[in-house]
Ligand SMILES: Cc1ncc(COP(=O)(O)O)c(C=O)c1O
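There is one chain below, alone, in structure tokens, taken in the form predicted on its own.
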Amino acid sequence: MTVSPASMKIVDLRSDTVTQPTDEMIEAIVQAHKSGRLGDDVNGEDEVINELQEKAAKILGKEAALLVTSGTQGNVIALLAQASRGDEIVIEERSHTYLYEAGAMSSLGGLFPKPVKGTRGYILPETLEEAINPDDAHLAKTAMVVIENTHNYAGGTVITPNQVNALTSVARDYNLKIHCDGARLFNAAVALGIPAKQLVEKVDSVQICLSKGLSAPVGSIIAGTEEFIHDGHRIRKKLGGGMRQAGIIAAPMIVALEKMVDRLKDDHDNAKLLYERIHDIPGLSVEKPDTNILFLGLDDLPFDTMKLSEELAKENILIYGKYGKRARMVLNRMVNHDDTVRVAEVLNKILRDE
């Protein structure tokens, strides 16, 4: 019996943001509501949020942490809390904070981004040093450097502790703050087999997203010194991020931190499986993934991502069609081993037929 594509499971590879909360997370929300521990978070009265923030700070090896609504909000708060209007921020040219946060650092903070070319998403120490402006009245003051780990647009690439520490060393020599956009920091930690705090030990601030691979329905965390979090709390309020009984958000985030980190390896394994089954397609360019993200290079094929996304959609496989000649596929908790095999089979059928 032949199964028609319309009756097959939808395999959503657009992002790991498509992950649905687990049953345990939903139950945690219910229990938080029943517990009597909810309160006004603006006043620090929500005990569930306080528990989450203490747990996250400990996991990240920082003095304090703060619940924020999203990774973008967390990154913006980190920049606004540590740099002044007119300051320059050194940032990798393909980073999320530069390309995909609606120009927030400039429009909200008056900060001037200086994009530099990285190597697999990593700003080399010598590149950072060359980008720092001298103390000259004609030039913006270089105040910060931002790293992204894992680096989305470079293909989910991992930045190691030694690489982070080398950049931090240069930053300290020039009195720069260093922020880590760690939306997928736990993917990097799992790939390297180390605690997440080792990746951010030397940075001034870090943002982690819990609604991607960790499957919480909403929310991110920023962490750093107590002074940074104190300032960040005020900026969060300015941005409309002050929340009330938001322990119902924090409860599934606690589950995410406690139960969902180790399973990220499944996504990494499926990404490698997909790579192994498609990398030899003639004309296709694809790097072996570090974590859960693959970019397929289509330059030597009669496809752009829009056409490929349309063909895959006929087989109930979803990707974004907006990356030109680079097709992104993000493995996530909703995509299992058998789904991955099916995606590989469909890709082989579509691309080899061309």
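The model shown is predicted, which means the values in this text are computed figures rather than measured ones. Counting begins at 1, following the sequence as shown.
Keep in mind that the form predicted together with the named molecule is missing from the display, and what follows is about it.
Problem - Residue (of 187, 215, 205, 75) lying close to the named molecule in the predicted bound form, criterion heavy atoms within 4.5 Å - result: The residue in contact is 75.
Problem - One residue of 81, 256, 183, 158 in contact with the named molecule, assessed in the predicted bound form (non-hydrogen atom, 4.5 angstroms) - result: The residue in contact is 183.
Practice task
Would you check, heavy atoms only and a 4.5 Å threshold, whether residue 101 touches the named molecule in the predicted bound form?
Solution key: Within the cut-off, so yes.
Handout entry: residue 163: touches the named molecule in the predicted bound form, heavy atom cutoff 4.5 angstroms
Key = Outside the cut-off, so no.
Exercise for the section: Answer with yes or no whether residue 96 is in contact with the named molecule in the predicted bound form, where contact means some heavy atom within 4.5 Å. Expected result: Judged by the heavy-atom cut-off of 4.5 Å, residue 96 is in contact with the named molecule in the predicted bound form.
Problem - Contact label in the predicted bound form: residue 50 to the named molecule, heavy atom within 4.5 Å - result: Heavy-atom contact with the named molecule at 4.5 Å: absent for residue 50.
Practice task
Name the stretch, out of 205 to 213, 264 to 272, 280 to 288, 113 to 121, where some heavy atom lies within 4.5 Å of the named molecule in the predicted bound form.
Solution key: The contacting stretch here is 205 to 213.
Handout entry: Within 4.5 Å of the named molecule in the predicted bound form: residues from 43 to 73 (heavy atom criterion)
Key = Stretch hits, in order: 70, 71, 72.
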